[in-house]
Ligand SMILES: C[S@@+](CC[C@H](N)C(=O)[O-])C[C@H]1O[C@@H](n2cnc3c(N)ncnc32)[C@H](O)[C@@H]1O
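There is one chain below, alone, in structure tokens, taken in the form predicted on its own.
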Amino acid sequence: MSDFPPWPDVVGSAEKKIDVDVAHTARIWNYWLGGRDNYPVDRRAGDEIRAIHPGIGDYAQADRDFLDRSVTYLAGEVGIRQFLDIGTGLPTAGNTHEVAQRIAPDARVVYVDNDPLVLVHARALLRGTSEGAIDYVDADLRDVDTILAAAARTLDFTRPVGLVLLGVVIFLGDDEDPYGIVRRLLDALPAGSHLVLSHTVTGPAMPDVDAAVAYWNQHGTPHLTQRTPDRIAAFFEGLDLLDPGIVPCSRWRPNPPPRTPPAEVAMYGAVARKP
């Protein structure tokens, strides 16, 4: 008998073709994290990007560690028992449900992604505790109504939810109302919910980062949009930012606290509470 739970009614799960001829961000990050779910085109692009900006591969690990620390805090100290993780990416060690259910076995997690390779691995994402619940929604971040309707099968939107948007709003162009999309998601959640968000940054002191992003947008998919820390802060408007605010992911509550600040990465993150 299979160890996997029954296959869910995945919303929007029409068959999609995996394009192995064009590099894809989820597979490149999987490569940088030491995973095996990638193709030669992804490894070539990942190596080229790392040659332009040698530290960029560290962002994937910093973002993953930020996920672990933020979800640990929300499930442990805050007592959040529900998580909506949009832009899930390929399964790796320390997925949201693994972190949350390690602390609270009854935690409920809904994953959302529109990458066909992530859909292939959805069963791995759906392996959790018998006390909790996990579901997967095949949808784009832009499809807010679809996401909320599908997530309501598993999550109770009258109780606080941890909304996890790690490295995903970067794929929303400024002409696509990225702030409005995040606001619509938050508007559906009750007071006491929390937003966990990370985003690549740009600035005058980061020409190699900008060059790496330019290479990516020329050779890979989907295209991404860099934003300054001030523009990232706009995603948290109206929320109560937790200390230390919007900082490099590597510097958000490192555990244990080091004597000197961890190395800075151009991937910023923050956690905020909906009042």
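Predicted model, so just to flag it, every value in this text is computed and none were measured. In case it trips you up, residue 1 is the first one in the sequence shown, and so on.
Absent from the display: the form predicted in complex with this ligand. The rest refers to it.
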**OP:** Using heavy atoms only and a 4.5 Å cut-off, determine which of 155, 99, 134, 139 is in contact with this ligand in the predicted complex.
**Re:** 139
Original post:
Just one of 227, 53, 64, 43 has a heavy atom within 4.5 angstroms of this ligand in the predicted complex, so which one?
Top reply: 64
Original post:
Out of the stretches listed (81 to 89, 100 to 108, 126 to 134, 183 to 191), which one is close to this ligand in the predicted complex, meaning heavy atoms within 4.5 Å?
Top reply: 81 to 89
Subject >> Non-hydrogen atom contact residue 166 with this ligand in the predicted complex at 4.5 angstroms >> reply: yes
Original post:
Is there a heavy atom of residue 196 lying 4.5 Å or less from a heavy atom of this ligand in the predicted complex?
Top reply: no
Original post:
Should residue 26 be counted as a contact of this ligand in the predicted complex, where contact means heavy atoms within 4.5 Å?
Top reply: yes
Original post:
Would residue 171 count as touching this ligand in the predicted complex under a 4.5 Å heavy atom rule?
Top reply: yes
Original post:
If you look in the predicted complex, which residues in 215 to 234 sit within 4.5 Å of this ligand (heavy atoms)?
Top reply: 222
